[in-house]
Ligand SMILES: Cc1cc2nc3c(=O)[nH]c(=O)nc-3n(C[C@H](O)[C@H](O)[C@H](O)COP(=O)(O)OP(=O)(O)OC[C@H]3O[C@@H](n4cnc5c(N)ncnc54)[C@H](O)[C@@H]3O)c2cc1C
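What follows is a single chain, given as structure tokens, in the form predicted alone.
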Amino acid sequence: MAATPKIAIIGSGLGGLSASIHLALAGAKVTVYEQNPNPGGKAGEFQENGFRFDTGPSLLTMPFVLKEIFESAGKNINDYLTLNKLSNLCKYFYPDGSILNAYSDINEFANEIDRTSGDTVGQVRRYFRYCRRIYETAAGLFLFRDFRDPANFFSLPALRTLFLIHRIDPFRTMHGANTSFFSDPRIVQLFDRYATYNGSNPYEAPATLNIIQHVEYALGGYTVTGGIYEVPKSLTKLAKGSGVTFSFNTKIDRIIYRNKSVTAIKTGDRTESYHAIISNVDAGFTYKHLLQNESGKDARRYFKQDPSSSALVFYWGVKGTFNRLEMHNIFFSKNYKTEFDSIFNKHSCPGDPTVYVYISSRINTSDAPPGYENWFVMINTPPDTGQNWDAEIQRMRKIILEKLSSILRTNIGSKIVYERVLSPVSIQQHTGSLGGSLYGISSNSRYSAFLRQPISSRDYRGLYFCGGSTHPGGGIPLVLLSGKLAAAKIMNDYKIGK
């Protein structure tokens, strides 16, 4: 292409930021449009009354993916970010009063399970060998490449992966696989929890998702000095330094297309033409609102899949210091199957939810005033399908407070000095995720984990996707990879940098 390609990216989430950097470095003219005043998408932050909160992701894994973005620009990640490897990934509280620390060192974690449960060190080691096998077999094709691209799908490495398809365990559910390794239901529940990392149900999702445990334990879980929001903030700085233009407080109303080729974006009374467009917005929202067309092959297939779960988040400024808690904490429900049945089948908030409490001020002391803590308190919920969320917020707040107060033996409600709430409705408003569904579609069938929105549209030439609803999935590293894959596809299609 003779002229410098003009690329528009709708949304400045981590996927859009990743794509913008790769494209700008290759020589494209890139403009990122963001409806909010700041970048980050779901990985945002806010500060109020002396408290700072990350609004979404709370753990960084596969840091080499992030590091590679900086290296591609000739920069050292250490000049932008300080990553801290966690020694204790999460502290688990069970309804029977037992407590288990999920140490990042697998041997130490295995000893903890051996000490606190009916399962043994040998079982844990065998399980993590199994998780590593899934990663080693699947990652090359399904995480680091666009496997729907024929050039990748019919390559020798891909054919080898397909020949060894049984090694990624797609024919059992996560729960079924986990019960084959462990006899203690508490340990099964712990590892079933990883289905929630992409908004799925462990009793239906394929055991292939047990790849997540290898990523978190063997490759490490990290926090970031200053908070997770430092990641999009530093990527925005890198993008600007690479020549990317940002247009904040700019809502995109339509993607304009003609003869099945996208040509422009419309914002207010202004229309801007582009050679290619990347949507870093939820794929369902893109079809329904930006394209206003749900009849294409990709859209029809996408809407046939079950949506992922959403979340209800309470951001609490809490008086006091709770020494029993770690940075990441889980308070499990008594009956996990009932909890997921409520979310995915009854489309209601569970009566006994598993509660996640993230306290970033444990490491970033400036995130809360002295003598206080910032609690990010989250439960998994169904997406918005018309529920009375005002009533649900009050009901779940009461249940959560009773649960935490009972386990921590303190009236937590009396300690709250600040509160903000994020519901499925407000998630959709702020991020464009349909119904507040955090990851687009769930992986609640044997094949749905492999049927996420493709990187490039099959219905519109020049339209590409990245973000949590797109291949390869949700979570910081996968979203960053989706942006890299979208950029690589555009570079190949438009001969950028060649």
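This structure is a prediction, so every number in the text was calculated from the model and none was measured. A residue's number is simply how far along the shown sequence it sits, counting from 1.
Although it is not shown, the form predicted in complex with the ligand is what the next lines describe.
For the chain shown alone, residue 431 is a contact residue for the ligand in the predicted complex, at least one non-hydrogen atom being within 4.5 angstroms. Among heavy atoms of residue 33, some come within 4.5 Å of the ligand in the predicted complex. Among residues of the shown chain, residue 58 is one whose heavy atoms approach the ligand to within 4.5 Å in the predicted complex.
In the predicted complex, the ligand sits within 4.5 Å of a heavy atom belonging to residue 439. Each of 290, 378 and 467 comes within 4.5 Å of the ligand in the predicted complex, counting any heavy atom.
Interface residue among 67, 29, 52, 42, judged by heavy atoms within 4.5 Å of the ligand in the predicted complex: 42. Contact with the ligand in the predicted complex, defined as a heavy atom within 4.5 Å, holds for exactly one of 10, 24, 490, 481, namely 10. Heavy atoms within 4.5 Å of the ligand in the predicted complex are found in one stretch of 88 to 96, 248 to 256, 70 to 78, 119 to 127, which is 248 to 256. Looking at 463 to 487, the residues that come within 4.5 Å of the ligand in the predicted complex, counting any heavy atom, are 467, 468, 474, 475, 476, 477, 479.
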